[in-house]
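In the block that follows, a single chain appears as structure tokens, in the form predicted alone.
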């Protein structure tokens, strides 16, 4: 199947590479000509503008926008909407706000253009591991794109199957779901990222407590000089708290147990705030998720070891580099 890709950064470029490796074709565009050239060398067709990309796509077209949420994505979707025709599909695979999806889908529907929002998780590891995808859009468009999603998803792999799912949608076991109409995909991904904040904060605070178990504030007989790198490693193996985030924590601590290469200035990319806004609108308590977000705000004033660990995890899964 053919796909157009706009935005060839950490995730967009690897999405194209994964598709090319499975026999799909791609037309690619980025403001950086070197990024385009690298993918042309890998087998994609290059474009030097959005107009050129749309012109090189076969009808009905499918174009995936993989850009930072906000003005650049908004402008690109609007421009594509003016270039594409009835029954074409515009996909936003970034971390856009779901209410923006609702508006865009309604505007594009007037021109009979489909809008599909794809909450995409997988970070810099997606090329190898595959991408977990939460998809919003009308059924006809989502089903048409299924060969793309099936290729990008991790597949069954070696994850134990959940008992009792025999009669349910098999796509979830393969790493992607059609969550609902336009906006639903990014809504689910938004909450996913809010939960991510809470999980990361729990690990960070726990390891901070372990690191300071030999504090001079404690009675001498109650101090422990713990090897937190070994603790992270042993928890990976059979522990109830094992996870990919813990894997990344263990990797970071194995390389530098003091995490001196990290500033501890922890950014937030928006989804945590949006998750809390949704919780307020729904009157749902979200104590842990709100505390995790506020901890990131506090990290910008005074960074702790826990904050450095958050920075290490963010670099591990998403390639995020915090300011020094």
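Fair warning: this is a prediction, and the values are worked out from it, not measured in the lab. Residue numbers count along the first chain shown, from 1. Superpose the two forms; the largest set of C-alphas matching within 1.5 Å is the rigid core.
Heads up, the form predicted together with another copy of the chain isn't pictured, but that's what we're talking about next.
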message: Given the stretches 201-209, 86-94, 104-112, 73-81, which is the single one in contact with another copy of the chain in the predicted complex, using a heavy atom cutoff of 4.5 Å?
response: 201-209
- prompt: Would residue 285 count as a contact of another copy of the chain in the predicted complex, using a 4.5 angstroms cut-off between non-hydrogen atoms?
  reply: yes
message: Against another copy of the chain in the predicted complex, would residue 140 count as a contact residue? Criterion: heavy atoms within 4.5 Å.
response: no
message: Using a 4.5 angstroms cut-off on non-hydrogen atoms, would residue 236 count as touching another copy of the chain in the predicted complex?
response: yes
task: May I ask you to check whether residue 24 falls inside a 4.5 Å heavy atom distance of another copy of the chain in the predicted complex?
output: no
field: Heavy atom within 4.5 Å of another copy of the chain in the predicted complex - residue from 63, 44, 295, 66
entry: 295
- line: Near another copy of the chain in the predicted complex, with a heavy atom at 4.5 Å or closer, the residues from 88-115 are 98, 99, 102
- request: Look at residue 16 and decide if its Cα position differs by 2 Å or more between the shown form and the other one after superposing on the rigid core.
  value: no
query: Core-aligned, is the CA shift for residue 300 between the shown form and the other one 2 angstroms or more?
result: no
